[in-house]
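In the block that follows, a single chain appears as structure tokens, in the form predicted on its own.
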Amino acid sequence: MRNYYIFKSGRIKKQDNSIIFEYTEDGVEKKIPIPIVDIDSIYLFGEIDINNKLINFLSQNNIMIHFFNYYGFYTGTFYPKEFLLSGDLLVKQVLHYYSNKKRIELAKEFVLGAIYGAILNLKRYKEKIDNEIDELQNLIKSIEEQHSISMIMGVEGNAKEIYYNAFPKIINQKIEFKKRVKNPPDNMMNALISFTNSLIYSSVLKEIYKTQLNPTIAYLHEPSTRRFSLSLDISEIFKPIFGDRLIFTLLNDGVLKQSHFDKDLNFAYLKEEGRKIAVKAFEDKLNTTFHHKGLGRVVSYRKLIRLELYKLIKHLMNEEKYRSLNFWW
């Protein structure tokens, strides 16, 4: 099974035990059949017509659809009916949210995981940066002193500001990047960060769906309507290694350049060709395998997300204390 990224506009419909993607190219109508058993998730970047019959079919097969807007930014997910229900775990998730002590304990771990990843990235470029690593390590020491979610979020915000300040020193392309700007991004760097973060968020959400965790109950980010807050929590751990490290490579190797961004919009949006390059690099990264020293076997980067969720489940069920992933390579 694999992810399908559809960049062209057209129509997707159910046909027998497959789905068919129909589109027109150079005046010629084309059809691409995709066996349902080969689909893990579908990512839609083009303008796609779908119908109720298709939605029901995908739901029966536990397949998500992630939607992206004209500019390539994530707008939402079709989340099929959950098939791995656990009332016991749901109760434990809620109890850990309502207990201030338990919630803070988990929130700290998510922020620590994010800072560990940031430090590991900066160590790769230590000859280019200044005191950012020391400053981040000081923030790690300060985490234990924080006694509220807002204070922990403050540490996270400070850490990101320090981390992002190092980006212009790491990137060898001339990019005006002074601070993180979202909704909408204002330059190439912010556009790339937003795009890769959305890929990480949707990948984490897909892995949550394959566990008994409820995606709306979170600990660092406030649970809210119309968003999967737990995916935001877990994504923090993986953004530096899965997203930022990819950005450094694509820009420093010249794989992505200004020409892949929309000049008329201040280079703040990836063109289709740029999105394809970023998506392929992201998929290649997730499929990369390595020897996991803790497990003593080879696993993929994608598997790391599921393993992190299993650790969280064990913590919630009072089986083993959760410690966020501390990348070591």
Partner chain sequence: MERKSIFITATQINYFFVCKRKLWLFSHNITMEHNSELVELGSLLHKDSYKKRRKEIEFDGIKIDFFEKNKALIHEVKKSTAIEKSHIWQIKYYLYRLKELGINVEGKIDYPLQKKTESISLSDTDEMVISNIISKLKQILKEPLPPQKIAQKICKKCSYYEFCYA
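All of these numbers come straight from a predicted model, not from anything done at the bench. Residue numbers count along the first chain shown, from 1.
Absent from the display: the form predicted together with the partner chain. The rest refers to it.
- In the model of the complex, the partner chain lies within 4.5 Å of some heavy atom of Asn318.
- The shortest heavy atom separation between Asp88 and the partner chain in the model of the complex is within 4.5 Å.
- Within 4.5 Å of any heavy atom of the partner chain in the model of the complex lies no heavy atom of Ile20.
- Put simply, Leu295 is close to the partner chain in the model of the complex: some heavy atom of it is within 4.5 Å.
- Note that among 183-191, 150-158, 204-212, 100-108, the stretch whose heavy atoms approach the partner chain to within 4.5 Å in the model of the complex is 204-212.
- Residues Leu307, Tyr310, Lys311, Ile313, Lys314, Met317, Asn318, Glu319, Glu320 are the ones in 307-327 with at least one heavy atom within 4.5 Å of the partner chain in the model of the complex, listed in sequence order.
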